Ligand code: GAL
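Read the single chain below, which is given as structure tokens and is the form predicted alone.
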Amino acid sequence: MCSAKILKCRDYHVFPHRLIYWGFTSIWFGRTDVASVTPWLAPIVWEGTFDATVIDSIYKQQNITVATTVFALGKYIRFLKDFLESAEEHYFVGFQVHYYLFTDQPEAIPNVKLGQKRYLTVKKVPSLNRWQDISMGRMEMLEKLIENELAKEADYIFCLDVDAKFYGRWGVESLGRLVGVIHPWFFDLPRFIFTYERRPESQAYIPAGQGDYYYTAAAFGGSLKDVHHLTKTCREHLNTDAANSIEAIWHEESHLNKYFLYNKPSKLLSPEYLWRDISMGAGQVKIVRFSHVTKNNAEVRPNL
């Protein structure tokens, strides 16, 4: 499978004394207070584990475009201005980004000036009465967007929550074939506490004792091919559950975690890439790059 001198595993190389991944350094040369490699040898990106100058210079030569989807339905439209303005300051700065906004209120979209080679496409979608349906319906919309529009428009895609802001660099160090983000509530907790779906009747079922990490559905991405397979699989499983009158405990996030259990991400992003303003501080988190904003869920979500 791999030679004794150089181990080539997916899209990175492992050398006997050092792991290098497009500008990344290993836990021996970067951070020693956190794990920066998974058991299946995928990098976990933390501040101090990559050289921004090196990795930017590599991707600058590739002329990549990053599609970025965001859903702003109902009262969630109020978060869009801060999301876009902060993204223009911190998100893939200097690279081509095409935002795809799904909303039921195109007339309420704020006027935000986008930088050069930064674009916004608006997709009008119907309003829904349950926030759970809005959440679970995203997988099908993402699947169809990739199928119908993105093949010649982008190289990578990230799917992000709108009720969040960027506070620091989110750049090409985050790119990979299939990228998951470790949930900020569970990154330093034992597996038995993870809120996986535990009912065998659900397609999202993960048995006790299984699982690697608990991933957030508020941010995930990768290549178009891999994210298409993810969204298609999750959509099919959501439909099967619906036909059997089952709704997974954390909706599409439960299905995402099931998918990642059997389709290992090629890269993980630390909670720096999805923090929460209500979360307590953590010594391992040296910088907050992207964070949910504080809000009253009962006020902004329908049917609560």
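This structure is a prediction, so every number in the text was calculated from the model and none was measured. Note that residue numbering begins at 1 and tracks the sequence as displayed.
As for the form predicted together with beta-D-galactopyranose, it is not shown, yet the points below apply to it.
Contacting member of 205, 95, 170, 186, with respect to beta-D-galactopyranose in the model of the complex [4.5 Å, heavy atom] | Exactly one listed residue reaches within 4.5 Å, namely 186.
The unique member of 127, 210, 121, 195 whose heavy atoms fall within 4.5 Å of beta-D-galactopyranose in the model of the complex | Here the answer is residue option 195.
Judged by heavy atoms and a 4.5 Å cut-off, are 156, 158 and 226 together in contact with beta-D-galactopyranose in the model of the complex?
-> Verified in the model of the complex; spot residues all out of contact, no.
Would you point out which of 249-257, 262-270, 43-51, 236-244 contains residues with a non-hydrogen atom within 4.5 Å of beta-D-galactopyranose in the model of the complex?
-> Of the options given, it is 249-257.
With heavy atoms only and a cut-off of 4.5 Å, decide whether residue 214 touches beta-D-galactopyranose in the model of the complex.
-> Residue-level check for residue 214: yes, a contact with beta-D-galactopyranose.
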